[in-house]
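We begin with a single chain expressed as structure tokens, specifically the form predicted alone.
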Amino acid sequence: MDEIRKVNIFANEEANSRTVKKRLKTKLEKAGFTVPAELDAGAELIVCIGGDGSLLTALAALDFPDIPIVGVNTGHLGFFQELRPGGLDEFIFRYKEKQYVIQELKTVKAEMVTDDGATVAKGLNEIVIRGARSHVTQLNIFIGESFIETFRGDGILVASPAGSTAYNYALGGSIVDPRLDLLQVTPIAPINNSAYRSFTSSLLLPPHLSLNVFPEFSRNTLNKDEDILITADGAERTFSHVRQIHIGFSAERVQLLRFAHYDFWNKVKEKLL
């Protein structure tokens, strides 16, 4: 009996993406693959149709599965996307012939400790910490066991190497080659004046060091102003009575399927420079 080879297809709700999904499903089935009606963690591959946001959504929906993922770009930037809608036949041929490589990307994880327990958030690109309302956020920042400062500003972003070209880059952070093993901590609207001193440029951390953040709240604020907003790859959650946030690399890895011609710096030049 022939082995059933399943390929997931995830598409955003845009009309063009839905059309490409239908075409791809037909082509995959003609090539001998099965396309499940719902995302199946037992599939051998995920094809994500849309932009970078769609790919991040698909990864989160499957809790960062241990199977390769490849993107078809029907969005705008498409930094993670490897394919265009006109290249579906070539993609299927190259995939069946194993003419590809896997780019393994690290993910970043935040553990929030509150009065009610601990909660974990994960992202391929970044974790963002800020106040849930439009007030200056005060964060006592430790790198490992070393106290660095009491940061004051809108918040901080902690990016993986893969996420360095996303929100981190928009904030003035550095572009990092994903083959480097480091975390980048970038401030968001830091206050730096004669009264307060907050770091104003990115900090780069080796993989064995984690970031520990202890929110500090004014005694004059109302309880509702003590909420912390945690964003993982654009997915927001609000937490109350946060005592500590621990951020470091996650054990999960994203396996991004790439073809032989892929080069990170060519992609940077094409999309960002």
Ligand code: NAP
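Given the structure is predicted, the values throughout are model-derived calculations rather than measurements. Just count from 1 along the sequence shown to find any residue number.
The next section is about a form of this same protein that is not shown, the form predicted in complex with the named molecule.
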TODO: Give a yes or no on whether every one of Asp154, Ile188 and Ser202 sits within 4.5 angstroms of the named molecule in the predicted bound form by heavy atom.
DONE: no
Task: Position in contact with the named molecule when the complex is considered in the predicted bound form, options His76, Arg197, Lys96, Arg84, heavy atoms within 4.5 Å - done: His76
Open item on the list: Quick check on this chain: which one of Phe91, Tyr167, Phe142, Tyr100 has a heavy atom within 4.5 Å of the named molecule in the predicted bound form?
Closed with: Tyr167
Open item on the list: If we define contact as a non-hydrogen atom of the residue within 4.5 angstroms of the partner, is Thr137 a contact of the named molecule in the predicted bound form?
Closed with: no
Open item on the list: At 4.5 Å between heavy atoms, is Gly53 in contact with the named molecule in the predicted bound form?
Closed with: yes
Task: is_contact(Gly234, the named molecule) in the predicted bound form, heavy atom dist at most 4.5 Å - done: yes
- [ ] Would you please decide whether Val176 lies within 4.5 angstroms of the named molecule in the predicted bound form, comparing each non-hydrogen atom pair?
- [x] no
Open item on the list: I need the one stretch from 22-30, 237-245, 39-47, 53-61 whose residues put non-hydrogen atoms within 4.5 angstroms of the named molecule in the predicted bound form.
Closed with: 53-61
